[in-house]
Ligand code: SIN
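Here's a solo chain for you in structure tokens, the form predicted on its own.
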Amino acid sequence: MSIFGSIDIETFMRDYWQKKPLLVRQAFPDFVSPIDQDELAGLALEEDVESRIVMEKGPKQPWQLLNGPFTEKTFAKLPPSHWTLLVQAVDQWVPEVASMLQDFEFIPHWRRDDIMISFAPEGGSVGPHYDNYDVFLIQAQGQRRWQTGQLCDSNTPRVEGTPLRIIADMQVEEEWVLEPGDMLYLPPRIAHNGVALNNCMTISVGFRAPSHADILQGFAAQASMDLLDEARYSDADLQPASNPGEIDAAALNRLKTVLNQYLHDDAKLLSWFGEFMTEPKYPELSAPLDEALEAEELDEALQQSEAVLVNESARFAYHRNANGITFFANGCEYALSGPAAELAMFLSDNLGIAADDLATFTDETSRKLLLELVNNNQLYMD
């Protein structure tokens, strides 16, 4: 069953993706939240978990922001209404939440950010705002009124005196009340505001989109890393200057030639982009094992496992080329061919591999790759 109801995925991507909002009633029929409000609050007590509380009527200022980790006393002191708890990357802590990503397989894995879950009592909200990325808002518990409005940008007036990006004058265009199982898709920069009508939880599936500044700065740093000092601007075709203070068109064209030389280097561009997009958001969650396994120990463990799974905090991607693939895992790059390339593609596409399928990859390179990924805590055995 499609999560878009009567709309097929192709139609959604063509007509809605990054274009306009879409409300889907009962995208998840008979939905039961994989986590309850007490468990969500429990996660917010943990030091390694990123969490926030937004208080519309804070004791110090309107739209006051508190950053976790919190304590039980924090929750005991909260008012009965008009606040919201937000917990990031719940998919990396709760496997049942991570399994919800299976319904979004039509979007490349390397575009995924995380699943944030929020809880709010009556009146709870984070204010009218906009995001710079795509998000699917799934109602998990209770009811929330959502309003959508204008297309925003950095020049859109904001409420002063708060670190939150709250729009000063949201122009409401559409409004709905979402019930459990309903889903609202929002493209980037669309103003939106969600207000809890009662105790409610919302699951936000977000997708990362690097800014143009990130792309330019990141690639420039990568492209310049190995350049020699003698690689410099040159103008052997320089003509006698009639206006010596002028930067003329010929000089600009020479600069464009320098830049194009690196921009057209597909290998460097791929290397930077693959490493950048697979860098884990929370690297501490997939830190290398304290005690690395030896090859024999890995073989024994594999024989006792039903599957090998990709760590929820790890990021894999690959690019096909004439010799095989370039494989990226948590910001590291591998040149692979033959069975090892097939294994890496299978892991990237399916986020795991069953023991029966794994048995076909007996070559030395595949086993070496598995051992490295397991010892780096990017794979684990079920």
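On a predicted model such as this, the values are computed, not experimentally measured, just so you know. Numbers follow the displayed sequence, beginning with 1.
One more form of this protein should be noted, the form predicted together with the named molecule, which is absent from this view; the next part is about it.
- Although the partner is absent from the chain shown here, none of Lys268, Thr278 and Asn330 has a heavy atom within 4.5 Å of the named molecule in the model of the complex.
- For the residues Ala307, Ala98, Leu86, Leu285, the 4.5 Å heavy atom test against the named molecule in the model of the complex is passed only by Leu86.
- Think of it this way: in the model of the complex, the named molecule has a heavy atom of just one of Gln147, Asn311, Gln141, Ser204 within 4.5 Å, and the residue is Ser204.
- The stretch among 288-296, 177-185, 129-137, 233-241 whose residues place heavy atoms within 4.5 Å of the named molecule in the model of the complex is 129-137.
- In the model of the complex, the named molecule lies within 4.5 Å of some heavy atom of Met116.
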